[in-house]
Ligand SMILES: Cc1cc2nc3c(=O)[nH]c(=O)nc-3n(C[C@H](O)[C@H](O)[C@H](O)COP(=O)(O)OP(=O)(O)OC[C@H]3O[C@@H](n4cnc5c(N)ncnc54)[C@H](O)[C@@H]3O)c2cc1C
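Single chain ahead, written as structure tokens, the form predicted alone.
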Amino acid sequence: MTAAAPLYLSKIQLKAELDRCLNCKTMPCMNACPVNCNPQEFINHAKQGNYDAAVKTICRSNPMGQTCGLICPDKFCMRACTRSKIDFAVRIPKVQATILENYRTCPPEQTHPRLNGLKIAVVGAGPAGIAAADILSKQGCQVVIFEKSPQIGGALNLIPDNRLPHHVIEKDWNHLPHRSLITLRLNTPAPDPQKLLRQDFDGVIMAGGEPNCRQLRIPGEELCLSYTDYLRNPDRYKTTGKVAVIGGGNVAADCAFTAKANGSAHVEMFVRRRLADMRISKQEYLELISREINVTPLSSPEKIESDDSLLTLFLHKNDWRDNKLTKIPDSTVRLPGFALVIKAVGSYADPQCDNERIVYAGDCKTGGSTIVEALASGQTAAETLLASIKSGKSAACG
């Protein structure tokens, strides 16, 4: 089996990528970044050997720069990179992650902004919650983060360790510049947000993600394993037998990669739509091929049956015509012999409440997204909440 690609660039690779940057004055890479990180600027600093300035440039707008660099897809800065019109894009996320891994100082420099008298609750310590806490603390708020799990990261903790080691998430967290204003409460489910407002909080950022797995709504679904159960404890479900993964997004790909790494002889993904519609990066698709993971498109499950401790999956084929997906009549196939069937067809958030001092961020607002989009959503939510509180106080004074 092909070994996983290294997480970081070597010194030679880093220099080669830095030299390939065209130093575009229009900065298309920054304009394509949801958090407006400026690769043109930090690469230019690194070219001159000023890595301290490069680190500061990255961290100025991205509180999880190293994590983001390891898993950010190629559809933002790399797609906008002018170099891609000549040969291929500069590997900007890898450059970013490598700079932070090699040149970020420890312990970080702490700054102490003036307190503004506000106390804000943030529900969820995933990317959106961390980004919101970062903005709020920079503005002088006292922030309390409620996280029901025993570690920070939210849905990032479902990503296999060979793609994103958890210590990288902790490293980004430990380098937030205003940690003294942030209280993290792990293993602490948050009360209802309305109740938080009735306590001593001036506002609430809801960044709890999408904790509920979507259902297949087919007979035998109870025989499936949800992606959350599988990815949180993959060693519990180790098998050398056949594994089916239902779904075609990043999480489904992570399930497939994990099953293969855990010793499965045959892993197959069943995707409802076309290969072109899969919500994964080109790199992830090529990795599926290199790891000999089958991807079967235009296939939808109909039912699952158990037979002598193994599972049989029944699927029908779909037709894609005029931008519409339809079932092909009499196309049902029976596929026996699976040790595991994992469903990874998405998730959904809990119901939202309507209150100008309760602002939603990340996946619970936008649906499943990338890490950099979740970070941007958290930053926007923090600014929105502060503006709302300021507006409310002005109205009260008037």
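What you are looking at is a predicted structure, and each value in this text was computed from that prediction instead of being measured. Numbering starts at 1 and follows the sequence shown.
Below, we refer to the form predicted in complex with the named molecule, which is not included among the displayed structures.
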*asked:* Looking at heavy atoms inside 4.5 Å, which stretch does the named molecule contact in the model of the complex, given the options 250 to 258, 288 to 296, 263 to 271, 169 to 177?
replied: 250 to 258
*All three of 120, 184 and 359 touching the named molecule in the model of the complex at 4.5 Å, heavy atom to heavy atom?*
no
*Proximity of residue 371 to the named molecule in the model of the complex, heavy atoms at 4.5 Å*: yes
*Flag residue 227 as yes or no: does it have a non-hydrogen atom within 4.5 angstroms of any non-hydrogen atom of the named molecule in the model of the complex?*
yes
*For residue 207, is any heavy atom within 4.5 Å of the named molecule in the model of the complex, or not?*
yes
_With the partner left out here, check for me: in the model of the complex, does some heavy atom of residue 124 sit within 4.5 Å of the named molecule?_
yes
_Position in contact with the named molecule when the complex is considered in the model of the complex, options 149, 82, 215, 312, heavy atoms within 4.5 Å_ = 149
*Just give me the single entry in 144, 231, 304, 280 that has a non-hydrogen atom within 4.5 angstroms of the named molecule in the model of the complex.*
231
*Within 137 to 160, which residues come within 4.5 Å of the named molecule in the model of the complex, counting heavy atoms only?*
146, 147, 148, 149, 153, 154, 155, 156, 158, 159
